[in-house]
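Only one chain is given next, in structure tokens, and it is the form predicted on its own.
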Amino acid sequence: MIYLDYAATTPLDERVFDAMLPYLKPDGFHGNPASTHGPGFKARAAVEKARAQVAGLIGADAAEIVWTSGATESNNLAIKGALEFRGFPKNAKAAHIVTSRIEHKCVLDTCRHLETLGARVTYLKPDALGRVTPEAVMAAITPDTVLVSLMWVNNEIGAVNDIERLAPRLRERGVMLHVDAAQAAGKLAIDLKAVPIDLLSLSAHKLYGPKGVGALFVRRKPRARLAPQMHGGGHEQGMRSGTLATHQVVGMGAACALAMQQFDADVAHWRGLRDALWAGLRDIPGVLRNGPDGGDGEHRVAPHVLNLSFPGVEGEALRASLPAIAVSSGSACSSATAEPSYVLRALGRDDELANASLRFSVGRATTLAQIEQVAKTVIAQVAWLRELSPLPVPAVTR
């Protein structure tokens, strides 16, 4: 099996596993990080080391990192917490959010839930390459806007939003900015000391860390204030109660430290493989690349994602014809539905093209030989399926 679905999840790095193991073994470190005795202090020290490692990857202070169960919880805490701290739903003025139509499902579903309680949400349409411009965001701001929630890197097409240019403009207007950085961390350089983002979500399993743990960056100066969504013992500065899973927290810290150490090598490796795959597939008649192509500074794209549509081919048939290649048609969180990708439809693709798409995402273990094999297989299967189809291959402009 050739695994090309790293945007859905990454395997646990062996070095991360080694860091976690002492906190999993029966005779290892098993203290509760909140306990005030020797084993508890050791667990707490491990948690704080990991907190500093996560902060290091994104240019934050350790005290600005709040542990969660993953980016989905982080996104919920950021969006609901920002509104509720300002008195929502009783305070109707604390009720306007700006986001985009192609955010992750956990952001979209959170916003739709808040709408049922009276919030007002503006869903911005991206441009043809999947980007939401700072100008479009600023045009949607009203006097009642509390929060803008925008992903840094789109999880299906790899389009990169210009967060660096947007963030200072929102700061000037006094509007909080939440960024879903699950696909950006470790792939783009992030320095929160230079970019005035208020809230930023992370997930360990996108970074060769364990599943079930994530973090929310919550800026301290100026302070981003949130209402907690989980109540209990007041852990994590009162923002997220619950006993911490020390082994998972340690794993996320180790994964972030590795991502920081290997950043340049990783990005160069992924970009080279992605470009090699596109070079191998771009001559398929009618093939469409969804999202930016990375050809210039304006068309910024993450290094690890390539999303293609193959006109004249039924999407499910194409995926079924590739049993030895692990790829997806979009976000893993949306795979339970048979609907075409809402991200591709927002870019203007019709249902047929959206259904005939594949997302390839490369990782540390991907090799050039695997990429060459995948290109040959996809070319052969697309040609075979088109021979079986009575429909002509549509003329599509890239």
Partner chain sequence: MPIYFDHNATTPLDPRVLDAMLPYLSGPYGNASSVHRYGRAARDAIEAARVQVAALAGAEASEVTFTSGATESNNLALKGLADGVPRAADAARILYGGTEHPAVLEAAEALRGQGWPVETIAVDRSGVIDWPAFEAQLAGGPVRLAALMLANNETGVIHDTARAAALVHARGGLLHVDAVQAAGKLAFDFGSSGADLMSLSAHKLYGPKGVGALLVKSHVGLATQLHGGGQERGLRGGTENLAAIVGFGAACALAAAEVEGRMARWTELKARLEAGLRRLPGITIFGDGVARLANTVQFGVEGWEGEALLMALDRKGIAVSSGSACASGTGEPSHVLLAMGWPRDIAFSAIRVSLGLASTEAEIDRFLIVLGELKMQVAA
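Between two forms, the rigid core is defined as the largest C-alpha subset superposing within 1.5 Å. Positions refer to the first chain, counted from 1. What you see is a predicted model; the values in this text were computed from it and never measured.
Although it is not shown, the form predicted together with the partner chain is what the next lines describe.
The three marked residues, Glu73, Lys90 and Thr110, each reach the partner chain in the predicted bound form, with a heavy atom inside 4.5 Å.
Residue in contact with the partner chain in the predicted bound form (any heavy atom within 4.5 Å), chosen from Ala167, Leu277, Cys106, Ala259: Cys106. For the options Arg131, His205, His96, Lys187, the one in contact with the partner chain in the predicted bound form, meaning a heavy atom within 4.5 Å, is His205.
None of the heavy atoms of Gln237 is located within 4.5 Å of the partner chain in the predicted bound form. The closest heavy atom approach of Arg225 to the partner chain in the predicted bound form falls outside 4.5 Å. Not displayed here, the partner chain is kept clear of Val378 by more than 4.5 Å at the level of heavy atoms in the predicted bound form. Of the heavy atoms in Lys25, some are within 4.5 Å of the partner chain in the predicted bound form. In plain terms, the part of the chain that comes close to the partner chain in the predicted bound form, with a heavy atom within 4.5 Å, is 110-118 out of 194-202, 110-118, 138-146, 261-269. Using a 4.5 Å cut-off on any heavy atom, the residues of 35-65 that reach the partner chain in the predicted bound form are, in sequence order, Ser35, Thr36, His37, Gly38, Pro39, Phe41. Superposition on the rigid core between the shown form and the other one places the CA atom of Gly28 2 Å or more away from its counterpart.
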